[in-house]
Ligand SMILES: Cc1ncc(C[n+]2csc(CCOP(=O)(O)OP(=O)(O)O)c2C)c(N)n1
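Next comes just one chain, in structure tokens: the form predicted alone.
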Amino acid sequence: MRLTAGIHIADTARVVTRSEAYDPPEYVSWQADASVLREWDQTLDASRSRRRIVDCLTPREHLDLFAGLLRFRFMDTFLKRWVKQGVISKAWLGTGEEAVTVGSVHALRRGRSGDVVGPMIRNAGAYREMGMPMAAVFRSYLGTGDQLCKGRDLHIGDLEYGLVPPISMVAALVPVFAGVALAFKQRHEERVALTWVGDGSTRTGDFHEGMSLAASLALPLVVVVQNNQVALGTRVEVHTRAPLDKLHVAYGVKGYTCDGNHVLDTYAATAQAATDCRKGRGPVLVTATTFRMGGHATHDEAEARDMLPAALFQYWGRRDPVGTYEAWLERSDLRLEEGAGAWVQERDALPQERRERNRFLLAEVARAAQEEVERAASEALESRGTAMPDGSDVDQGVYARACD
């Protein structure tokens, strides 16, 4: 696959709509930047092995990746809207970091008896990409009773989809996933366990214990270090002196680094890590560099803007993972219509010019993703009136110890 020569920003019109009320300011009037698009291409060409992995992606897989980014972004928009409307008190968002989640998940084997993932708060997009209905994610925020945890917890999962519920304490899933990976190894299954941690999470005892065990037993575990530059309110250079991309050396395991705002680079790096694990060369640390475009949650976005330099938001705002991938797909020579589905064949005609055709197809993907998220949010809101927990099963599914 080759890209068309040159980068003509005037020809790169955005098909993804932006919201002044809900998107970061840097995204509202986002336009493709020629230097950033050159960086994107340079990242793809920097590694022959990763380029080969990316070149094997079909048009359908590219559109699925794009749809995944969009669904995650639109889900965050609805959650933020609910906060402003008073439906929920706050939400933890992955805005600006979508590529770390979506790229990683799409590099795994999904489906029954496939790989297993453990999302953290900024990886909620993994639920839908692993197959869970998006309405279930919205219901978890609403605390309705028609979900797996019956309204008991915001943190959800479903092993039917290969999803282990997260734990509030950061990095607590690392030893859990070392155990999952140990089970895969003992059963001689070519399956991989993957979880994400933030940059600050790498300084916890749970992370160290889990990685130490996984390394000593050579387990098929992938841990994605999602370096978004800040741990709650502490800048990465304050809490960490050693470079995170060298952390794997401390455990004697393999490590990869990738651009966490570049969905294809993240996809390829995770694919490399998963292959290593299936060949018995795990565990693997993947360090993805990205940036948190908001606060720790919706309640402290203003604080984050005061605490972090405006130049950081501007720099990473130009590297919006949704917009840059959209621009790359639009100017590519991919035959996206081959992966678009039956509705393309039902049309009388598509635009003849390649870029116009790609733009049209991407707009259709964006429309479908937005409609899916809107339906899911509406369905979840209906549950508030029909399926709220009534307390009758409060003592079910829990454990207690009798006291003298």
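Position 1 is the first residue in the sequence shown; the rest follow in order. Computed from a predicted model, the values in this text were never measured in an experiment.
The form predicted together with the named molecule exists for this protein as well; it is not shown, and the discussion that follows is about that form.
Undergrad: Mind telling me which stretch in 229 to 237, 70 to 78, 311 to 319, 102 to 110 gets its heavy atoms within 4.5 Å of the named molecule in the model of the complex?
TA: Careful reading of the contacts points to 229 to 237.
Undergrad: Taking the named molecule as it sits in the model of the complex, is residue 199 near enough to touch it, meaning that at least one heavy atom pair lies within 4.5 angstroms?
TA: Close contact exists here: in the model of the complex, residue 199 approaches the named molecule to within 4.5 Å, heavy atoms only.
Undergrad: Do residue 248 and the named molecule share at least one heavy atom pair within 4.5 Å in the model of the complex?
TA: It does not: once the named molecule is placed as it appears in the model of the complex, residue 248 has no heavy atom within 4.5 Å of it.
Undergrad: When the contact criterion is heavy atoms within 4.5 Å, does residue 262 count as touching the named molecule in the model of the complex?
TA: Because no heavy atom of residue 262 falls inside 4.5 Å of the named molecule in the model of the complex, the answer is no.
Undergrad: How about residue 275: is it within 4.5 Å of the named molecule in the model of the complex, going by heavy atoms?
TA: Residue 275: no contact with the named molecule in the model of the complex.
Undergrad: If you check 90, 296, 208, 191 against the named molecule in the model of the complex, which one has a heavy atom within 4.5 Å?
TA: The option sitting close enough to the partner is 296.
Undergrad: Given that the named molecule is left out here, which of 159, 169, 183, 217 has a heavy atom within 4.5 Å of it in the model of the complex?
TA: That would be 169.
Undergrad: Given a 4.5 Å distance limit between heavy atoms, list every residue of 121 to 155 close to the named molecule in the model of the complex, or none if there are none.
TA: Read in sequence order, the residues that approach the named molecule (within 4.5 Å, in the model of the complex) are 121, 122.
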